[in-house]
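For reference, the chain that follows is the form predicted on its own, supplied as structure tokens.
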């Protein structure tokens, strides 16, 4: 789950990380009222799940109510890289002496947490990495041992931050690591982390990505899930509890397991077609789950064929077959289905499906032949 900036700042603040005071607003009048309460000058910032807000006109400084009204009116409804601004964050403007970059994420290859810190903040870290990689100080943290203050201080010194920012940066970085670990985050990033002319250090921006699988451990995370960007197909699938991502092709995909679903998308490309979606039903291939999956895919007008790719492990072939047969009786399908069923009790499953085979329900022996048939049907 990728948080909007204001949500990220609220998340940081809950761990004691200093952030700029502000309010999230959904209309112009609320934004003006918030600016009047906060006190001018204020910054009005578009809240969207993408970068490039400043270049798109999504971040503006207002020094009075008239400017706040003008900027809020221009930003709300603005299209930034396909994201329509529905919320603005109105925050007190900050005086900036220097800008830094700080983040924590997981280094999967090292099987350790990775912290990155740079005295060159305010720009994309990829740009810094390309143009001046030595400007990024990295630290690997063993999750069992955690981040010690001594290691953190050495890390700050290695990044060559202004000595005036050392104490404030160490304090924030220790809290940022706690937020990253205890908050079940995949990424926490502050860009920029600023040093003010009076010597304070605080987070001027917030980029946070949380592990959606950890929602059950954090009661407040439901509000973050509700603001995730989803098209109509993804929203319908989400309501049914399905792991779904919409794509631009014509072959609908249903598979059990994320790895198999990704492989299915690749095989469809290999066969000369394009997948219309990624849909992982996991281990649940019963009639309710299958009917929900077929309904979501069937409601996509671009889908011309459906490829159900099941490899049974814990999921048994006869359960899948019975689920498909019953689901087809519930959902009036607009597109033909191609099934590949393998793994545990696959023979029993194929036997159940066989009497129902037709020009609308076909079965292939291999993943590649099934993909080729689905692509052929989509093109035909």
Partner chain sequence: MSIFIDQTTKVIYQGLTGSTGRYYGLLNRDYGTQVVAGTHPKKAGTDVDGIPIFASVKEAAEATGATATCVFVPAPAVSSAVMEAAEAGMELVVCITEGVPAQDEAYFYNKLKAEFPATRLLGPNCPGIISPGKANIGITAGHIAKEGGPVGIVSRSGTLTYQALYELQQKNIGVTTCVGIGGDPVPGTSFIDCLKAFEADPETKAVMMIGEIGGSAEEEAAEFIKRSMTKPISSYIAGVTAPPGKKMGHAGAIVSGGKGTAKAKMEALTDAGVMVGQNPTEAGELMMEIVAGL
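For clarity, a rigid core is taken as the largest C-alpha set superposing within 1.5 Å between two forms. Keep in mind that this is a model prediction, so the values were computed, not measured. Residue numbers count along the first chain shown, from 1.
The protein also exists as the form predicted in complex with the partner chain; that form is not presented, and the subsequent description refers to it.
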Report the residue, out of 133, 199, 259, 272, that has at least one non-hydrogen atom within 4.5 angstroms of the partner chain in the model of the complex. 259
Students should find that, of 114, 287, 181, 93, the residue having a non-hydrogen atom no more than 4.5 angstroms from the partner chain in the model of the complex is 181
Does at least one non-hydrogen atom of residue 120 fall within 4.5 angstroms of the partner chain in the model of the complex? no
Looking at the partner-bound form in the model of the complex, is residue 316 within 4.5 Å of the partner chain by any heavy atom? yes
Partner proximity in the model of the complex: residue 243 to the partner chain, non-hydrogen atom cutoff 4.5 Å: yes
Any chance residue 267 has a heavy atom within 4.5 Å of the partner chain in the model of the complex? yes
Within 4.5 Å of the partner chain in the model of the complex by heavy atoms, the stretch out of 320-328, 29-37, 46-54, 334-342 is 334-342
Going by heavy atoms, what in 189-219 lies within 4.5 angstroms of the partner chain in the model of the complex? 211, 213, 214, 216, 217
Honestly, after the rigid core fit, is residue 61 moving at least 2 Å at Cα between the shown form and the other one? no
Rigid core superposed, CA of residue 341 - does it shift 2 Å or more between the shown form and the other one? yes
